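Shown here is one chain on its own, the form predicted alone, set out as structure tokens.
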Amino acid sequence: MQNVTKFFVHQIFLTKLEHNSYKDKGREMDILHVSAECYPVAKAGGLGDVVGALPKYQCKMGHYAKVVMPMYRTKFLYQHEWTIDFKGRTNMGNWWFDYTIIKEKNNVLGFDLFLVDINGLLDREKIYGYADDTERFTAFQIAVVDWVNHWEHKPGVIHCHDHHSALIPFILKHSYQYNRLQDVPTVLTIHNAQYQGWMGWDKSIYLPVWDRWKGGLLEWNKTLNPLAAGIKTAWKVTTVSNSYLEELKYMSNGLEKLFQYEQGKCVGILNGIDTDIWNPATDEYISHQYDTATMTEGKLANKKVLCERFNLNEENPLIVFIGRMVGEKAADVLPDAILASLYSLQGNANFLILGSGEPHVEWQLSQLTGALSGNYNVFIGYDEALSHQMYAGADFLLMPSRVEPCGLNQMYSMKYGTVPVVRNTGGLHDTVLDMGDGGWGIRFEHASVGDITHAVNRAAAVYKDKKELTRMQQHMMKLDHSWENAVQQYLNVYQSLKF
């Protein structure tokens, strides 16, 4: 495919590179977020939701926050207007490449959005899953740094997200051609430490010529590890919940000792949810809108829509799972847990599953539809509208995650009055208090068939106690998981850096 400049020639015009200082804009801080995902441009999980919301709320608080990400070939790209912000040329090792930075013209997301186009690397439909992902995201990071190096001013802080941008702090500090940017503060947020971007040392030539005395900053366990490099070289490191930060010290896919060593510069900040999008009173995705006053009627109306579509008995408690069908989410345990739960409840429950992931898990969950007709159904794939309808119509949300750094699904469910049934880990521990302790959810300890079945039985019992169920629903809908508090904590982190 030809460079996007030619493809969008009818609607893109060349503009002068113009990045005024945040002081000129009368704003306090100039923040550049660098990420592989951003909702609604391209999203594979919670990372996309966070990057789609955090800068918007930072802008609402009077700061100049913007996002730069790869220019995937998504619907968002073709449905909006763009201008060319910059055209550059740089190299990844011996390979020289041209790149183009385009900017969304109308600020439709509430912040400035920039996309990086590198012909042959980033012009793909999917975000991840290609054999050359190492080259794709390394070139993306190099292009971002090269672009920033051409700005007339320096950003107040560069905020990197996960391993796809975690090499940037190292490049800024130790690549000779970008010495001008050495004093730009960097923050790395870890949304999921299971994925670290490992690459062989032969790929180290990809990085802009760097100080070879600093090779130890790139290495972890005898391999080049971008996430580890980011943890070592970023000025501050944040994780998406306090409990997850503590868990990383003993469970971080090989980085445990590094997190213990660097704990002094690490901060846990619980994510928020975008209440402009996730609000049952205004949600255009759901069939019947409702608030706390009309919750009972509204949720029942939405439940009926789901049960009719998926051939389920609306009299039974409806338990849903929404997410990736991968080991982290314990999706592999779901088939046996669903069978065991329905057996113990003598069929007096419904399960509805939405998601995609590992093929054998998808196959197992699909195979259950015939045997459990009337009590179970599954939708394999990603459907944003259906997920909203499920949060609104379900009675319970099941999250048996083995690893859950923060978790947004349980926050969405609580906003919609759907009781979270969660494993006691990470952000699930921080946001869900068990009903046995006077709380509004159900927690269990292990991602096992036995623990899940016991938790589902507790859910079925509370479903019969309408007074208690209503108390829990009313309470959780009033909880404040908005972004304002989290944004202030991020600003505190930025302000703690030496500008």
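One rule holds for the numbers: they count along the sequence shown, beginning at 1. Given the structure is predicted, the values throughout are model-derived calculations rather than measurements.
There is another form of the same protein, the form predicted in complex with a small molecule; it is not shown, and what comes next is about it.
A.B. asks: Is residue 191 close enough to touch the small molecule in the model of the complex, meaning at least one heavy atom pair within 4.5 Å?
C.D. replies: It does: once the small molecule is placed as it appears in the model of the complex, residue 191 has a heavy atom within 4.5 Å of it.
A.B. asks: Please run the contact check for residue 324 against the small molecule in the model of the complex: heavy atoms, 4.5 angstroms, yes or no?
C.D. replies: It does: once the small molecule is placed as it appears in the model of the complex, residue 324 has a heavy atom within 4.5 Å of it.
A.B. asks: Is residue 408 close enough to the small molecule in the model of the complex to count, meaning some heavy atom within 4.5 Å?
C.D. replies: Residue 408: yes, in contact with the small molecule in the model of the complex.
A.B. asks: Would you check, heavy atoms only and a 4.5 Å threshold, whether residue 240 touches the small molecule in the model of the complex?
C.D. replies: Yes - in the model of the complex, heavy atoms of residue 240 and the small molecule come within 4.5 Å of each other.
A.B. asks: Using heavy atoms only and a 4.5 Å cut-off, determine which of 163, 174, 329, 299 is in contact with the small molecule in the model of the complex.
C.D. replies: Selected residue: 329.
A.B. asks: Of the options 418, 271, 350, 389, which one has a non-hydrogen atom that comes within 4.5 Å of the small molecule in the model of the complex?
C.D. replies: The residue in contact is 271.
A.B. asks: Within 4.5 Å, heavy atoms only, one stretch in 259-267, 81-89, 397-405, 286-294 touches the small molecule in the model of the complex. Which?
C.D. replies: Within 4.5 Å of the partner lies stretch 397-405.
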